[in-house]
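Given next, in structure tokens, is a single chain: the form predicted alone.
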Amino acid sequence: MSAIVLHQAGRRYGGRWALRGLDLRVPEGGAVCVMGPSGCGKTTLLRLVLGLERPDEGRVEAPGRLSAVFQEDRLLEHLTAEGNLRLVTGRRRDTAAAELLAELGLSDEPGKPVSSFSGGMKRRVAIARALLADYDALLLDEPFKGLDADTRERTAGAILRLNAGRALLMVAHDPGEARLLGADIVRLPPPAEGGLKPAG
């Protein structure tokens, strides 16, 4: 299965439901962007799909191979950009890695540890690493934070090209970011309201 499916899924922390009664499907080749107010459970939703947390009710189905970009870049700061990509590619895809770094505007930084990079540069390395992994579905948590408009478009182009044919589930605050990736917007309401709502 290459789709992502949540059926009446819920996650509770103590006596509070962060998510409850969620029905959501991201088909193979489809893209969905989840939006909503801070604290409404968007990141919890991604963690359920990734298997980092288990639902307290309902079910979550996802492909066996997932790749993700978290809110934190989670890079090895002492390594170069190429070194961070090699963690998922080995040496077999050095050409693809170099081409992707060039596409993302990072080819002028050879030999520099990512600790010397700006926040936006680190973000692009994290995205490149996720795209070069072997995976069946891609999860992105605020992927474009720290990127200017031109860099967002360039990065979105790389995501669309390399993720073609696979499911994409993302979290964002800006509907424009969803449009860059051709994603359907779904609104996640406060837990008391329950359920997911298509954007109107």
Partner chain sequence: MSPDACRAGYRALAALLWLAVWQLLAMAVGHEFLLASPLSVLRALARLLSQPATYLTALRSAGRILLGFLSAFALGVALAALCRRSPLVSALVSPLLSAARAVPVASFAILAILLVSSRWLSTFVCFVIGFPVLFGNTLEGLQRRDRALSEMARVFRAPWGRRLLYVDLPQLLPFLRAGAVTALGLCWKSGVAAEVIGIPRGTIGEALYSVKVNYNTADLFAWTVIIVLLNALTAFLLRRGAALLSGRLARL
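It should be emphasised that the depicted structure is a prediction, and the values quoted were computed from it without experimental measurement. Residue numbers count along the first chain shown, from 1.
Just so you know, the form predicted in complex with the partner chain exists too; it's not on screen, but the next bit is about it.
Here the chain stands by itself, but in the model of the complex one stretch of 28-36, 48-56, 164-172, 146-154, 48-56, has heavy atoms within 4.5 Å of the partner chain.
Contact annotation: of the candidates Ala62, Cys40, Ala68, Ala158, the single residue with a non-hydrogen atom within 4.5 angstroms of the partner chain in the model of the complex is Ala68. Using a 4.5 angstroms threshold between heavy atoms, Lys122 stays clear of the partner chain in the model of the complex. Within 4.5 Å of some heavy atom of the partner chain in the model of the complex lies at least one heavy atom of Gly83. Heavy atoms of Leu79 reach within 4.5 Å of the partner chain in the model of the complex, making it an interface residue.
Interface residue remark: Leu104 is not counted as part of the site for the partner chain in the model of the complex, having no heavy atom within 4.5 Å.
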